[in-house]
Every structure is written in C-alpha cells, then in structure tokens.
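Shown here is one chain on its own, the form predicted on its own, set out as structure tokens.
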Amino acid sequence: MIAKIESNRNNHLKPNYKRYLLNGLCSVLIVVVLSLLTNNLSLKIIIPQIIIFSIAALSLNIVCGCLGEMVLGHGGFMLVGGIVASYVSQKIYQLVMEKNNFSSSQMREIFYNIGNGEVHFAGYILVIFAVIVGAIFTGVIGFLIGVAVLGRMKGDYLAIITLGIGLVFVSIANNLQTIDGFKYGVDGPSYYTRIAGNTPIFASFLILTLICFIMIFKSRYGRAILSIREDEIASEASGIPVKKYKIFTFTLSAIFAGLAGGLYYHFASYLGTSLFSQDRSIELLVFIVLGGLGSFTGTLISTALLTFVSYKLLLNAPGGYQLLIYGVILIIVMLIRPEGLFGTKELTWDFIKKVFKIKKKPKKIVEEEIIHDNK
C-alpha cells in the first residue's frame, strides 16, 4: 500500500512530457500556418508587425501586469535595440565585404537573393546576431536605469520618469547623425539584411519569448514577482528582496523590448524616431490593458486585434477619422469589459478541457488512515 502511494506521488512530480510535446507541436504549427498565410501581400505586412508588437507588449506586461509598476518608456527601449541592431548588421556587412574584397553583387548573393526574395543562411545568422546584441545592450541600459530609479520611486512618479527617459532616447536619436560613419538606422538597415517577407523568423522569436516568460513565472522567481504585485510590504517582510526582483524584472523587460525593436528595424524599410515616441509607449500600454494586466494570452489577442484594426482603418477609413474610430472602439470595449479581455487568466489546456467538458480519468485516492489501520 505504501509503495502504491509513493508511486502515485512520483507520477505527480514527474514533468508532463505529453503536454510539453503538444505545446511544441502547436508552436511549430503556428509557424507553418503563418508562413503560408504571408503569401498574401497584406498579411505579409500585418502579421510580422503583430508578432513584433506582441513581443514588445509582453515585455511591458511583465512589469505593469506581473510586477504591478507603471512604466511608460518602452518605445524608447525599442528604439535603442533597433538602432544598435541596425548598426551591428551594417557594420558586419561592411567588414565582411572589405575583408574578403567582395563586390556588392557577391554580398547580395551571400546575404540576400533579391530576385527570389529569400534570405540566405548567412543573412539569417547576421540578423539574429545583430538583434540579440541589440537586446543585450538594451538590457544593460535597462539595468542601469532600474538601479538608479527602482526602489526610490513607484506609481505615478515611476511612470513619469520612465516616460521622460523614453523621450530622452528619442531626442538623442533625433540629434544623432552617424555612428562610426554609419547612419544610425533611421532609414532602416541595409536592404540586403532586411527580413520583411520571412514571417517564420519573427514567429520563432515570439515563441522563444513566450517560453522564457512562462518558465520564469512558473518558477520561484515568478512567484516572488507576483507576490510583490499583490503586497510589497508583506513580500519584504517574508524575506523577498523586493528591489532586486524589481530590477531583474525591469531588465528582463528592457531586453525583450530591445529584441522587438531590433526585429522592427530589420522589417521596415523606413523608420522615423517618431514611431518610438510616447505614442508607441502608450499604444503598448493600451494593448496590455485591453488584454488584461498580467495575462499573456490576453496581450497576444488584444495586440493582434488592435494592430489589425488600426491597419484596416488606415487603409479604409476616411482621412482624419482613423483615430476617432479607433478611440471609440477602445472605449466601447473597456466599458463592456473593464478588467480586459482575459483579466489575469490564461488560455491553458485545463481551460480548454473545461470548455469542451473533457473529463480526466478518475484516480484512486488512498488516505493515510488506511496505512495506519493496516499497521
């Protein structure tokens, strides 16, 4: 009897590999479907933007939704990541060309085949490396800002100072002409390193972002962050180093915001700094509030819906009325659902089972009193 109980406990503690396999297959399926959908020109433009803004919104959600701090400078972090990634890709591109005495046509064949519209393997490596470097650099900036600001300010004061920091980044970029002889990236990186038509690479980064966030918030670090959101004083009294976790969360958020910015710079052919001003930061905040603060699923769905709606309004709505219609839609949704589409809940396999009324096989429960009686 005791052995039976121990085996049941061990089975409960074992990782659910079937669920991991199912999640992995769903992720691969999403990438395949997105790659097929982007044969349409409109979807080829809108889907990568949805994915990029989803990464940025998720990075903001872990601070505003999971940590409970109001931050309004994520557009600036996207700008930093984009500029650094753009510079790195252009610098490597030129160094390879100069070191090997390649012509422009040879470089195009190595990195980007214009005729077929396909990025070669070397082009993928270049873009991925540049984007990761931009994300790491942005994380360092976020860490320094977190050390200086977090712990001293909170609430409205933190929102105002982060908004100011984002505006400082935009102002520096506006006055920055070149970096080491290169354009800093306002016109986008070299055409031969852009990946606008390659949706799977954007989807892969989004899946990796989700995996990273889910793993963190299923661990003790994530539980500590959520406890700080619920009651900061009680968390500190329980021995949780509140400032340390705030800095960690803010840095992680900056890293993925920089990642989104790097991808955006390698997607668009033209990017002005105005695209990363306070309007972008507020738009990201709208995404997470509409989806539900603390809900990753809600953030993804609201980002997709609002990005799609704004794109369609830009094409079809009468001139000057796009923002009016967009604002009315937001007001109606928030009046109907003030806590957001999902609140703090997630779309999980357990939730799907409840919706479709899939019942688990009942397990035999053996009470400990039986053991004592048998003894």
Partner chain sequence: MWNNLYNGLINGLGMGSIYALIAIGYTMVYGIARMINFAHGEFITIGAFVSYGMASLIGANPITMIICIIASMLICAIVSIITEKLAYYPLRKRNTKRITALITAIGVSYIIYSLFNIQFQEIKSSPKFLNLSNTNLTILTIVITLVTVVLLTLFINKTKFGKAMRATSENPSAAKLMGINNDAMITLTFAIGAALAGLGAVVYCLRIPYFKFSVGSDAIGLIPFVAAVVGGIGSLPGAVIGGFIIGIIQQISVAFPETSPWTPAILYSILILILIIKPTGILGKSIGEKV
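Take the two forms, find the largest set of C-alpha atoms that superpose within 1.5 Å, and that set is the rigid core. The model shown is predicted, which means the values in this text are computed figures rather than measured ones. Numbering follows the first chain given and starts at 1.
What comes next is about the form predicted in complex with its partner chain, which does not appear here.
Residue contact check for residue 221: none of its heavy atoms lie within 4.5 Å of its partner chain in the predicted bound form. Although the partner is absent here, residue 98 lies well away from its partner chain in the predicted bound form, with no heavy atom inside 4.5 Å.
Taking the partner from elsewhere, residue 326 is found to have a heavy atom lying within 4.5 Å of its partner chain in the predicted bound form. In the predicted bound form, its partner chain stays beyond 4.5 Å of every heavy atom belonging to residue 217. Against its partner chain in the predicted bound form, the set 161, 168 and 321 is in full contact: each member has a heavy atom within 4.5 Å. Between its partner chain and the residues 208, 92, 172, 122, the one pair within 4.5 Å by heavy atoms in the predicted bound form involves 172. Taking a 4.5 Å heavy atom cutoff to its partner chain in the predicted bound form, the contact residue among 107, 289, 133, 141 is 289. In summary, the region of this chain contacting its partner chain in the predicted bound form, judged by heavy atoms within 4.5 Å and restricted to 125 to 133, 248 to 256, 301 to 309, 275 to 283, corresponds to 275 to 283. In the core-superposed comparison between this form and the one not shown, the C-alpha atom of residue 70 has shifted by less than 2 angstroms.
A displacement of less than 2 angstroms separates the C-alpha positions of residue 308 between this form and the one not shown, with the rigid core held in common.
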